[in-house]
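As a starting point, one isolated chain is supplied in structure tokens, in the form predicted on its own.
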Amino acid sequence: MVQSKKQKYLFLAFCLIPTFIMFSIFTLYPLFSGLYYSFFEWSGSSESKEFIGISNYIQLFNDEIIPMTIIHDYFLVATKVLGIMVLALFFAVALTQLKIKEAPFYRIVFFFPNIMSVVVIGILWTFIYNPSLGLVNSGLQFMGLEDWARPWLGSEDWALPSLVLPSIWAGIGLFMLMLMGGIANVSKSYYEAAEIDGANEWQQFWKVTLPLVWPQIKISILYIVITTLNGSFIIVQIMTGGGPNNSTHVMGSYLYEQAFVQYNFGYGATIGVMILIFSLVTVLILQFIMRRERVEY
């Protein structure tokens, strides 16, 4: 029996070795490398680098653009979570409970942006926002709303909000499918019991659907938050490059500019450490806020 247990643990350890190697190469090594380089002044390409202690961290606290990038990141997080979750939940409920004949077609339509590259999405929406030829301004002019037309990505006031729409459009399909899976697993007997008790469709949604798909909602929110804090710089870099006048810079795009445009790799690594800390703290706070016992009827 002891021999059998030992063999079992050895087999499990052997199976986990490839995973641990991949995790070490693609997660642990970049993590500790970034932390290491954050204590150096280095261009990222030269052989010489100078150890400067915590000077990069002091510069980080005195950098006037950093607070702006943090605000922009959390603006995108809040608007994306709200926009994607409301629309994904609405479409998931509609396509699973309203018996729409064209539901398979709509599932493909909503999921289509998820198979597109973020680069393609950014370029596509840059054309849509084009001040002279784009669909947005052309549509407003067609409806007689010329005064509302503006250079969306060239305006300090409107450039950041303009990035929200393509991000939401690109994210709805994936989370809609996740929620549809959760809704499909809800037993019809709950709805039948609620109907017998006199609950209308709106009450059934609040009392049955929403509590029972909460695990999927929670995972979706955490995923949106993590991917936004770590990946929103791609859409920013493609559509605005952080401009105009730093009005759309997020932490990731500012890291890219410092490390690969200004060749201040050490300071870029310091910003990377800051992004990691903000991501961890945000996820822990959200986990605490959204904690609740699993609902069972």
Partner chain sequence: MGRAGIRIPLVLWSLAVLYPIIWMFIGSFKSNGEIYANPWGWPESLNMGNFVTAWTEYNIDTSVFNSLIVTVVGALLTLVLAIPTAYAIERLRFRGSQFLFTLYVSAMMIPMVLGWIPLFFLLARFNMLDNIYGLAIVYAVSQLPFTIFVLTSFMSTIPKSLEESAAMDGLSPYGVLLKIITPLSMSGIITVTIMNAIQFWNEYFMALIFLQTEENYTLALAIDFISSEAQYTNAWGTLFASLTIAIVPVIILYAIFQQRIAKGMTEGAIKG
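Numbering follows the first chain given and starts at 1. We call the rigid core the largest set of C-alpha positions that still match within 1.5 Å between the two forms. Just so we're clear, the structure is a prediction, and the values are computed from it rather than from any experiment.
Omitted here: the form predicted together with the partner chain. The next part is about that form.
**Student:** Looking at the partner chain in the predicted bound form, is some heavy atom of each of 158, 183 and 286 within 4.5 Å of it?
**Tutor:** No, the whole trio is out of contact, none within 4.5 Å by any heavy atom.
**Student:** Under a 4.5 angstroms heavy atom criterion, identify the one residue in 221, 194, 95, 77 near the partner chain in the predicted bound form.
**Tutor:** By the 4.5 Å heavy-atom cutoff, the listed residue in contact is 95.
**Student:** Since exactly one of 68, 234, 52, 60 fits, which has a heavy atom within 4.5 Å of the partner chain in the predicted bound form?
**Tutor:** Only one option qualifies, and that one is 234.
**Student:** Just checking whether residue 214 would be counted as a contact of the partner chain in the predicted bound form - the rule being heavy atoms within 4.5 angstroms.
**Tutor:** No, residue 214 stays farther than 4.5 Å from the partner chain in the predicted bound form.
**Student:** Indicate whether the partner chain has at least one heavy atom within 4.5 Å of a heavy atom of residue 39 in the predicted bound form.
**Tutor:** Taking the distances in the predicted bound form, the answer for residue 39 is no, it never comes within 4.5 Å of the partner chain.
**Student:** Closest heavy atom of residue 204 to the partner chain in the predicted bound form, within 4.5 Å or not?
**Tutor:** No, residue 204 is distant from the partner.
**Student:** According to a 4.5 angstroms non-hydrogen atom cut-off, is residue 172 in contact with the partner chain in the predicted bound form?
**Tutor:** Although the partner chain is absent here, residue 172 would touch it in the predicted bound form, with heavy atoms inside 4.5 Å.
**Student:** Residues in which of 68-76, 149-157, 136-144, 186-194 have heavy atoms within 4.5 Å of the partner chain in the predicted bound form?
**Tutor:** It is the stretch 136-144.
**Student:** Even though the chain is shown alone, can you say which residues of 242-272 have a heavy atom within 4.5 Å of the partner chain in the predicted bound form?
**Tutor:** Contacts from 242-272: 255, 256, 259, 260, 265, 268, 269, 272.
**Student:** Do you see a C-alpha shift of 2 Å or more at residue 243 between the shown form and the other one, with the core held fixed?
**Tutor:** No, the C-alpha position differs by under 2 Å between the shown form and the other one.
**Student:** Checking residue 10 here: with the core superposed, does its CA move 2 Å or more between the shown form and the other one?
**Tutor:** The answer is yes, as the C-alpha of residue 10 shifts between the shown form and the other one by 2 Å or more after core alignment.
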